[in-house]
Structure formats: structure tokens, C-alpha cells
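Shown below, as C-alpha cells, is a lone chain in the form predicted on its own; questions about how it binds or moves come after it.
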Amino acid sequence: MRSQSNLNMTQVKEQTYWGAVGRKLLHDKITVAAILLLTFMISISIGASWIGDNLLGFDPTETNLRYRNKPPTWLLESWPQFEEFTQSCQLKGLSGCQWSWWGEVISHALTGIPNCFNAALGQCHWLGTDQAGRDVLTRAIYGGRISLRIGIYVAGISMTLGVMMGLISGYYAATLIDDIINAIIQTMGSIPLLFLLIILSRIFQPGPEGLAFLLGIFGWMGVSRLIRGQIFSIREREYIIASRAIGASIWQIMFRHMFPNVISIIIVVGVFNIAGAIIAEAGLSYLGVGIGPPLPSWGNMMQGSLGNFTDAPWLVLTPGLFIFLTTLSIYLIGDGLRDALDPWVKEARE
């Protein structure tokens, strides 16, 4: 009787699959940190207009050639000293570097930071200016709107096409329909994608949505192959055969029985595709065939800046840092989701 009463008092809490996924994610410190970082990057991009007007005091398209390639305002005093230091290293080698100058360089930089905080609105360029005298930090924040939007659009287009083609190809594996889809994939996969995108971008000169459409149209083949392999392995299982036996239609079988079994793979691949699309946009814009000025994006901010790297390194470092932080957070989230969605992984890394 005592054991039965103890059993009645014990509450057995049932945990669903998605509840277990959420618990794994919350216990994964790296993934939680990545989610917070990505949330911050998205937040400053969404609030770019408010930040530019109320905190920085600059417009991303406003030019002022008098401030062309100016260093960060808080480095105005220490930057000439730093340039002299780098010149001494170039002339005399590493052993000839005037390391004793670093104390004065750091001291002037630390003095400039409080002055920048106390400066009036629109008087401090935290990350310097570009070749047209535009504030680099303001453009980087605004550039996140375009780069992140393109990443989401590309992932949506490529995943939709890839999942559809993968489901159909996997269900009709080793048939004429499967052969046709594989022929399309092989044909599109054999085309030099970079050169094709350069040609199409030059011809149509697309905006953010147009560029996302081009990247999405030519980026679904890998997803399709992955989904096809998964569908091919589950299409002969008992519950699929039972669905056919009771008269379920092809679309019901694919979307009600097969699709839920690959949803975890789709989520992970979709997250990785967002990061890949951001890097692809940055590469095309850097080559001058992506998003063109005056619209700021992380890619076109780097266009032509490598020639001024020694004179104005902030032109490369700022968009590069934004791209690095965003893609790193996305990849870490995707890695965490991959572990959390795997039922065989009992505990996420901590």
C-alpha cells in the first residue's frame, strides 16, 4: 500500500520531442550565446534608421568629401603615430619596430574614447569614413538589412525548390520522373555558377530581391539530393505502405508522412543556407555585380577597399567583422540545432 501511494504521488511528466529539443538548446551555452549574438545583429539592423538618427547622427548615403577616408574620431591623435610605427616596421623589419611608441598610442586612443561619447550628435565617426566621406558604422548597420534579407530570401527559395524536388524525386526513385529531376540537377550543377551569376547580374542589374531570386534558383540542387536520399530510405517503411493500402493520395503521403520525418534536416540545412547566402551576396557585391551603391551592403562596402587597406583598414575590417559575427552565430546555431534535433544525442555540449 505504501509503495502504491508513493507511486500515485509521483507525477510522471511527459516530454514531447520538441520539448526535448528546446531543453537541449537551453542547456547548450554556445548555442544560447550564438542566438543572443544573432538577435543583437538583427536588432541593430532593424533599428538602423533610429540608431542613425538618434545615436550616431549620420545618413548612410550622405557624402562629404572633406572627410574622405578619415580614421575613427577617437583615433585622430594616435593614428598618425600608429602609421609611423608601421612604416618603421616596413623599413627596418620586425626588429626595428618602435614598440616603445605603443604606450603613447594606446594612451591617446583611450583619451579619445570618452571625448567621442561626450561629442555632439553627428560629430563622432566611431569606425571612420569611406572614400565618399560617409560614416562607416552607419552604413554597416544599414547594410545588415540588405544582407540579412537576402540570406532569408535565398534560403526560402532554395529550400522550397529543394524540398519539393527532393520529395518528388525520392518518392518516384528509379523512375522516369526521378531521372528527369536528376538530369536537371546534373545540368545545373555542371554550369560554372560564379560566371553565370556575374553575367546575369550584369544583364539584369537586380536589386536585393532579384539577386536573392538568382541565388535561390541556382542553389537548391544540394538540398534536393539530400532530401531525396532521406525519402528514398523511408518510402518502403510499414507506415508508408499502410498509407497506400488505405488509399491515401501521393501528396498526403509525401507531406503528412514523409515530410515530418525530414523536417529536422530541413531546419538545419535552411539555417546553414542563410549564412551561405550572406557570404555569396558579399562576394558578388565585392566583385561589383551584386548590390550596387548607394544602397549599403556588407559586400559592396568592401568593394575597392582592399586598395586602401594600409591607409584605411577600417573600410575592410568593419564589414568583415559584421559578416564574421553574423555567419559565425548562424553556423553555431545550426550546429546546436543539429545536435538538439538528433534524438540519439542525450545531452547538448556545454
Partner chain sequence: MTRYIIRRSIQSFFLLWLATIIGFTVYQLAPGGPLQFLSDDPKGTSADFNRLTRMYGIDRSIGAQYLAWLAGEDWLPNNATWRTGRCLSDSTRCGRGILRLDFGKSFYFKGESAISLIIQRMPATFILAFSSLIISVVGGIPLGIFAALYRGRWPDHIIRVLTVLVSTVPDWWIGLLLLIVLGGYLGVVPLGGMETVGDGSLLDRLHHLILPAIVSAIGGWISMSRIMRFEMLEVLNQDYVRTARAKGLSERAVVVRHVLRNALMPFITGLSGIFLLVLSGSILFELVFSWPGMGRLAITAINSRDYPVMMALFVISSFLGIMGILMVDILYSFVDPRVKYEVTK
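A quick note: this is a predicted structure, and the numbers were derived from the prediction, not measured. Residue numbers count along the first chain shown, from 1.
The protein also exists as the form predicted together with the partner chain; that form is not presented, and the subsequent description refers to it.
> Using a 4.5 Å heavy atom cut-off, which of 141-149, 161-169, 122-130, 187-195 contacts the partner chain in the predicted complex?
In the other structure, the partner sits against 187-195.
> For this chain shown on its own, do 232, 309 and 320 all sit within 4.5 Å of the partner chain in the predicted complex, going by heavy atoms?
The answer is yes; 232, 309 and 320 each reach the partner chain.
> If we define contact as a non-hydrogen atom of the residue within 4.5 angstroms of the partner, is residue 251 a contact of the partner chain in the predicted complex?
Because no heavy atom of residue 251 falls inside 4.5 Å of the partner chain in the predicted complex, the answer is no.
> So in the predicted complex, does any heavy atom of residue 199 sit within 4.5 Å of the partner chain?
Answer yes; at least one heavy atom of residue 199 falls within 4.5 Å of the partner chain in the predicted complex.
> Classify residue 259 as contacting or not contacting the partner chain in the predicted complex by the rule of any non-hydrogen atom within 4.5 angstroms, answering yes or no.
No, residue 259 sits far enough from the partner chain in the predicted complex that none of its heavy atoms falls within 4.5 Å.
> With the cut-off set at 4.5 Å between non-hydrogen atoms, does residue 99 touch the partner chain in the predicted complex?
Answer yes; at least one heavy atom of residue 99 falls within 4.5 Å of the partner chain in the predicted complex.
> Answer with one of 177, 106, 279, 113: the residue that has a non-hydrogen atom within 4.5 Å of the partner chain in the predicted complex.
Comparing distances to the partner chain in the predicted complex, the residue within 4.5 Å is 279.
> Scan 312-341 and write down, in order along the chain, each residue with a heavy atom lying within 4.5 Å of the partner chain in the predicted complex.
Those in contact are 313, 316, 317, 320, 321, 323, 324, 327, 328, 331.
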